[in-house]
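One chain follows as structure tokens, the form predicted on its own.
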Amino acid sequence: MAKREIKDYPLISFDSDGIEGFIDFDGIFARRLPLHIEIGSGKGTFLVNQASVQTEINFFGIEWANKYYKHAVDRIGRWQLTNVRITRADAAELIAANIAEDSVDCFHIYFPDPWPKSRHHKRRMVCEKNSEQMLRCLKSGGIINIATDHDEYYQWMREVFAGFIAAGRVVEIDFIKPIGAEAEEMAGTNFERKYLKEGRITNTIAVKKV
């Protein structure tokens, strides 16, 4: 059987290389609606499931791995979803340099790379520096919704957000289960389905900006 061709969809794929200043999300979506950003979109499972139901929300995905990014663009394009855009970029760098303050309604982070070795911890997406940037970008009442299978990283995340909670900048809330998650799942991503077969447990944390 011939392998299906992976297609590019220019209206879906957003080229952020060399972009200066803040991204004009109202412009790229041609409408002003709540903005949700997924960090580490993989092959686009969450974006497709969520955006196909929540058509009143603009979804923007960020994925670094080129292989996954291309699959996600192809998948979103085949679904003909007009409320999704995705870019290939380093999420931490893009958020710090190109996302305006008070512009995002929710950040979704599902099964981020745990970078388990101590010398690599500085690369973790959920760290004090990057979380500070996400909070800058969030609107008042905006949410960061996270799921991970890595116990040590989960405890690290709780310590990171404990400081923001103590400072009165966020409050912890119940994790918001994505639409595509089945009964035994928390996030419903391809990674989680793989991990569940391996007997791993999914931990979640969610905070809301005060």
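Quick note: we count residues from 1 along the sequence shown, nothing fancier. Since the model is a prediction, treat every value here as computed from it, not as a measurement.
Unshown form predicted together with a small molecule; subsequent notes refer to it.
Of the candidate stretches 172-180, 50-58, 32-40, 159-167, only 32-40 has residues whose heavy atoms lie within 4.5 Å of the small molecule in the predicted bound form. Although the partner is absent here, A65 is a contact residue: one of its heavy atoms lies within 4.5 angstroms of the small molecule in the predicted bound form.
Interface residue remark: D113 is counted as part of the site for the small molecule in the predicted bound form, having a heavy atom within 4.5 Å.
Taking non-hydrogen atoms only, D102 never approaches the small molecule to within 4.5 angstroms in the predicted bound form. Heavy atoms of S13 never reach within 4.5 Å of the small molecule in the predicted bound form, leaving it off the interface. Note on the partner interface in the predicted bound form: the residue among A89, C106, M134, L81 having a heavy atom within 4.5 angstroms of the small molecule is A89.
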